[in-house]
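One chain comes next, on its own, written out as structure tokens in the form predicted alone.
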């Protein structure tokens, strides 16, 4: 009997969950637990980590998982790395549904950086209006550049004090170009810091920056161990059928 573990938390994962349910397959949708109010899903849900590679191996055994689909965020490198190791150790087939990364086009002013510390270093200099569009998890590092006027857009209202003064907008994507253009103008943003997440749900801020002639500090994706990758829900379902 097929029993699927879907590592989710993305728009793509939600679509896979719908396809799994429609196909009448048994599956578990796993949220990392960083969002206070995760979206409901048409298959069974669990929230929280597994406890590293060993914990994930134990879960695969205990739940008799036959297939793992990694549809996590492109920057969830630890979870993806753990999934590769655990599936390899347990002999469980794994596939990743990966968004194509954004590619700079005409009018884009991107500075590519490899990671969060490099993005922090890229903000050295005089005070600016900075749209820090990277989520909540890594913002503490930017306390090293406290001179800027920061704007944060978060899925949940912060539950504790921020590491630096900032304006906070609480909103859940997808976003549109008109709205993000207005947001950048309203807050007098001069530079955007973003992760190269790819996909359509968060690209509006990149298009807005292009339209306004603003530079973008673009954090490149982390390296994940080799694994089978597809770029569509149809590709995932074809793999399950096979």
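If you're wondering where the values come from, they're calculated on a predicted model, not measured in any experiment. Residue numbers count along the first chain shown, from 1.
What comes next is about the form predicted in complex with a small molecule, which is not displayed.
Participant: Exactly one stretch in 118-126, 143-151, 86-94, 67-75 has heavy atoms within 4.5 Å of the small molecule in the predicted complex; which is it?
Facilitator: Result of the contact check: 67-75.
Participant: Classify residue 79 as contacting or not contacting the small molecule in the predicted complex by the rule of any non-hydrogen atom within 4.5 angstroms, answering yes or no.
Facilitator: Yes, residue 79 sits close enough to the small molecule in the predicted complex that at least one of its heavy atoms falls within 4.5 Å.
Participant: Might residue 195 be said to contact the small molecule in the predicted complex, defining contact as any heavy atom within 4.5 Å?
Facilitator: Yes, residue 195 is a contact residue.
Participant: Is there a non-hydrogen atom of residue 59 within 4.5 angstroms of a non-hydrogen atom of the small molecule in the predicted complex?
Facilitator: No - in the predicted complex, heavy atoms of residue 59 and the small molecule never come within 4.5 Å of each other.
Participant: Give a yes or no for residue 48: in the predicted complex, does one of its heavy atoms lie within 4.5 Å of a heavy atom belonging to the small molecule?
Facilitator: Contact with the small molecule, yes.
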